[in-house]
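Next up, structure tokens for two forms of one chain, structure 1 and then structure 2.
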Structure 1
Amino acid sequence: MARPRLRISDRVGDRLLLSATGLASAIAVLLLVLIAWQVFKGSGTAFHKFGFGFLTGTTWKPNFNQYGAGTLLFGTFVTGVFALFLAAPIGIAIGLYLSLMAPPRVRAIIGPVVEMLAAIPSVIIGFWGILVLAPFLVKHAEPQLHSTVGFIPLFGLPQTNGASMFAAGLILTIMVIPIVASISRDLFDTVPRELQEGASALGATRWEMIRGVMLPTTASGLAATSFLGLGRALGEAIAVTQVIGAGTKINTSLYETGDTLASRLANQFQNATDQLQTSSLFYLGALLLIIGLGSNLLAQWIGRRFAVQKAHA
């Protein structure tokens, strides 16, 4: 039996549509490759000169052609982990509240409000951070913390200015919370109702239900979310640059200034004077690219394992 044939114009149209959409998808893939290539190419000069010693070198002196990312890696790590340790529990708690406890009308208002916190541009949060948050921290929060838990070297003597890794970590916390909150709320919404009701029917209190049912079923999803949030925090440039104070030393106290990879990049790129400095800044960009791709892939991998586990269950 002969298949009904499309008119020739239709067949050409189908082909055109298929190739246009395919081409667009190829462009997206190409874009990612091109970004990586361009960033690595840009960092070539610095890589030839410093090699992997760049990662541990702690001097960054444009006048002496000395560049190293050690201090910046330290600052990036400290502020990112600090933000994650605060933002992950708070964000997950918000997700639990919105998914389990909030009445529908409250949920309909607070959910979008929390998500809109993520929509506020980082430059505005950073500006607020340096003019409102940092002075408050120096005057009230930091002395308080210093006098109570000052024996931990992290909480040293407050500095005068307010620009500090502590402020940067808090600003990043504020930026990561809405991400963790909205994804974890969606995760909790996927936990089957029968499981929740079964736990309640067995006499579990709400907390026991959360600990025994909600958290275990979503654990890997929550871990993936946290890595996504961490990736966001590690790559944030503008807000951090505004509040961290562009320090050049590794300090144990969070109240001292510091700097991160992204922040140094935002701070110096426009004013880079020679090729080596630009190239070193590109090197920082390459490190950020690896961190960004890495945290994302890790989150994807954990998320996929989660999906597989669910399929088996």
Structure 2
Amino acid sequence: MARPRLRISDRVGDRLLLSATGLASAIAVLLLVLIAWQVFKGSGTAFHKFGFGFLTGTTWKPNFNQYGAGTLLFGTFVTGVFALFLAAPIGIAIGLYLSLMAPPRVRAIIGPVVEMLAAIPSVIIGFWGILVLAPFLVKHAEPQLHSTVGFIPLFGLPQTNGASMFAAGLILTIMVIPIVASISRDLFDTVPRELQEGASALGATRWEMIRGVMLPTTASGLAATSFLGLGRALGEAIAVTQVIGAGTKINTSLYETGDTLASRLANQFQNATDQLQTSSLFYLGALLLIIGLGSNLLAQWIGRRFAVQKAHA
């Protein structure tokens, strides 16, 4: 049977929709290219002077024109991985609870509250970290952890001023959890009800159904969600700046002060005194851009790997 001919208005609408969506995609790509071009252009002076040695250098002394990103890369890695290590399982657990276990009335309350947590300005979370979280860590959490697992270098002697990579990691965890929880809940809601009921009909317990149906079905999405949260953690500047302490050394203990790429950019860019310092800060921005794009590409690669495995299963 022949397909009915589209009316002129329908054809025009289709073309307008195609043009509008294509234009939006092109604008997104163009913005990314322009941002990358500006950042890499600004970092040219520092790159020509320091080369790739900038990545391993641990000295940052503007008065002596000595710059290195080693300490900042270390702080970014430690706080980001620390936040992801805590936020991913907590956020996924919240998503499971809201999707499968929470009563409708409880879900109607907890769901919006978790999403509202993501809307709190980072500077407010940073203030809370200074006034509430840091003193609590100094008085209770850090001494207890040191006395229990102090043989691990990560939990060395507690410090007294409250600023530390430990506090920064916890602040980032709080900021990442809503993203992971919200997207995880949406992912679990997309699992066909027939699969869940079929597993239950075969005698599977709720945990067996979650382990055998829910998690494998959404594995690629959960991996991508976790790396999306990691990108949020890597790029956060204000809240981290308020609690990390702007340390200048690489320390094995989480209780010591540190710094990150984003935090150093936020602290010094407006007050840069010469071209080399400005270019070095652009270099930091280029590194942060590369790391962020790399984490997103890695998430996509993981998603495709899971998709291929499920297709061949």
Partner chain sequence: MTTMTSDLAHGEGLPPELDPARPLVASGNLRRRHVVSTFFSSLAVLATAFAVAVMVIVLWTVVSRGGSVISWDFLTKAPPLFGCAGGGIGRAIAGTGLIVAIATAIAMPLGILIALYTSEFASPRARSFIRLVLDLLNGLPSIVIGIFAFGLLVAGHHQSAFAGSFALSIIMLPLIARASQESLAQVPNGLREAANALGVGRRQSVLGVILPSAMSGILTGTILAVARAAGETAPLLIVSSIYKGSYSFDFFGSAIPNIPVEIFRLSESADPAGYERAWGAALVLVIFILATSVLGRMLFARSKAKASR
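All of these numbers come straight from a predicted model, not from anything done at the bench. The first residue in the sequence of structure 1 is number 1, and each one after it adds one. Think of the rigid core as the biggest set of C-alphas that the two forms share within 1.5 Å after superposition.
May I ask which of the two structures is the form predicted alone?
Form predicted alone: structure 2.
May I ask for the C-alpha shift of S19 between the two structures, in Å, based on superposition of the rigid core?
Residue shift at the C-alpha: 7.8 Å.
Taking the rigid core as the frame of reference, how far in Å is the Cα of V29 displaced between the two structures?
Shift of V29 at C-alpha, rigid core superposed: 3.1 Å.
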